[in-house]
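Single chain ahead, by itself, as structure tokens, in the form predicted alone.
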Amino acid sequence: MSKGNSFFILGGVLGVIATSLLFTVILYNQDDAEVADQGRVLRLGHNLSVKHPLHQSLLYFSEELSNVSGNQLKLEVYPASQLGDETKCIEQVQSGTLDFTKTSTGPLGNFVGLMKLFSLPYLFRDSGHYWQVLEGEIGQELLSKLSVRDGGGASGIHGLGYFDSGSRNFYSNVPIHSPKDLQGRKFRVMRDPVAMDLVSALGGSPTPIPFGELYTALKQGVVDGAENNPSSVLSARHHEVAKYLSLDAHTRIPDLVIMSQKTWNKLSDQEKAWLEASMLKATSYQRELWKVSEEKSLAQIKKEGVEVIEVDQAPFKLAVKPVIEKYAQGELLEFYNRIQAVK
């Protein structure tokens, strides 16, 4: 190859590289300009129906974010598992392909082990104790620990705030008065090892099924029952196929709004401040909405033929003690004891 040809090829290669770099800079500046002109649009997926009060609260969160940011930061909400069930949405948040999700802390325990704490039976004495913990130092500390997975590495998750989800209670096609009534029966649970062990300790057979498939599973007898709060029972129409609800209140598992750490890291300080301010308002709004919704839901399912049973919690608490002993170890035990000490 002649010297002239070599210089000609080298010049061509350098020209291609320079053009590529210029094109990249132009695209980058165009993206920045679009964010500045049109606002940044983020996505949130969750597994509940549009009738659920938590969905309404997420719409409120979206509206507040648009208002406080002057439409510079927007949130699109995708309900009813459009973007996947809880586990899949958490995985997408971790990878950065989804910006936000609303999830129970139950499935989160599979990603950040410390979150199994919230699945421990009878962790909270009542609603007052629950909120005293979550709004206090302990709750905020736990929220910050979402960013660290077991072993100390980054989880890819940024905790934004807590939503109320009431107490979880058993509902089924047979009345549940005591643990013996669960013997040999299949109960749907979240993909949460603590929840599975809880049902096993009470004599039932835990059966993980996606929430969106539960109505059919109850109707066809794949499972005998499930456990959740009255608002979720009503919004998912499970009261049509499970006519007994027992208020054993075995757990009070909060819902969390979490976001991708990758998304959080891309935001400016101003955008982060808008998000936190909007989440604070949405949390307060959701708490009040939930209280009203739960009362109405309980009244409605009674009206539609569900027998609501007040149970003695003592035999339930006794039966699930081994579950607490199994999981309350190390750091989780430290937080458990701190929560119990809150008066």
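Quick note: we count residues from 1 along the sequence shown, nothing fancier. Worth saying up front: this structure is predicted, and the values here are computed from it rather than measured.
The following text describes the form predicted in complex with a small molecule, which does not appear among the structures shown.
Residue stretch of 127-135, 178-186, 99-107, 239-247 approaching the small molecule in the model of the complex, non-hydrogen atom distance within 4.5 Å: Among the listed stretches, the partner-contacting one is 99-107.
Single option in Asn47, Ser57, Ser293, Ser278 placed near the small molecule in the model of the complex, where near means a heavy atom within 4.5 Å: Partner contact (heavy atom, 4.5 Å) among the options: Asn47.
The unique member of Leu198, Met115, Val93, Met190 whose heavy atoms fall within 4.5 Å of the small molecule in the model of the complex: Selected residue: Met190.
is_contact(Phe211, the small molecule) in the model of the complex, heavy atom dist at most 4.5 Å: Close contact exists here: in the model of the complex, Phe211 approaches the small molecule to within 4.5 Å, heavy atoms only.
In the model of the complex, Glu86 touching the small molecule (heavy atom, 4.5 Å): Glu86: yes, in contact with the small molecule in the model of the complex.
Close approach of Arg168 to the small molecule in the model of the complex, 4.5 Å, heavy atom: Output for Arg168 is yes: heavy atoms within 4.5 Å of the small molecule.
Any non-hydrogen atom of Asn228 within 4.5 angstroms of the small molecule in the model of the complex: Yes, contact at 4.5 Å.
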